[in-house]
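Presented as structure tokens, the chain that follows is alone, the form predicted on its own.
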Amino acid sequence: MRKKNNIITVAIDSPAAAGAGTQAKLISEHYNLFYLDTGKIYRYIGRLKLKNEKIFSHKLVQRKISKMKLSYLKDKKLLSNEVALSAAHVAKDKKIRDIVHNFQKKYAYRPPKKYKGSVLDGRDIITVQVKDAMFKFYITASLKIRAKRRFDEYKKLNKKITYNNVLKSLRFRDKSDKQRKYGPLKKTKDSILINTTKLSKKACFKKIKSIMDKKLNY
């Protein structure tokens, strides 16, 4: 993959509902970086599997991903618990991961011209996707706090689901993400730990911004 010169690259790994997506968006807006929510790509494929169970294949995924518009990742239907579990399942598939990997690398290293760089968040961004990122953050929070946040999201979308079901789902996701064979979620020695359990969105971004500004000489 040919890379753009002199761009800012930010890689974020985190368990589900830790606040990484929110921080990635804030980072992208403040530093004018292209933001790619990699988890949404797997959710898109997860939903594709649910809708096309009988004809689901690697060829279908490759075809759909090659033609996929980024606007598709904003579909609220991707936020359902059923899609999340399907996404966790397809993410274990090495061939699917390779397809997604190529898609993500394209935007990580060659973002649209109007941007100064890119920010990607997911489960294996630091360990696999953007190993040489300028900034590497591992964002996490306690399981109960993450479940509460995700439950509140579902309530706003009028989703009929209990807090306990969300908690159970996240516990399963954590186990699946950390124990999968390819690209398991783990903190690297060179990534900066950001625990959002007791931090507000504003306080968390302030902490990240301080780290980035120091290196960028802002």
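Because the structure is predicted, anything quoted here is derived from the model rather than measured. Note that residue numbering follows the sequence shown and begins at 1.
The protein also exists as the form predicted together with cytidine-5'-monophosphate; that form is not presented, and the subsequent description refers to it.
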Only one of 81-89, 106-114, 138-146, 67-75 has heavy atoms within 4.5 Å of cytidine-5'-monophosphate in the model of the complex; I'd like to know which.
81-89
A16, heavy atom within 4.5 angstroms of cytidine-5'-monophosphate in the model of the complex
yes
Is there a non-hydrogen atom of K49 within 4.5 angstroms of a non-hydrogen atom of cytidine-5'-monophosphate in the model of the complex?
no
Although the partner isn't part of this model, could you tell me whether V119 comes within 4.5 Å of cytidine-5'-monophosphate in the model of the complex, counting any heavy atom of the residue?
no
Between 151-184 and cytidine-5'-monophosphate in the model of the complex, list the residues on our side with a heavy atom within 4.5 Å.
R173, D177, R180
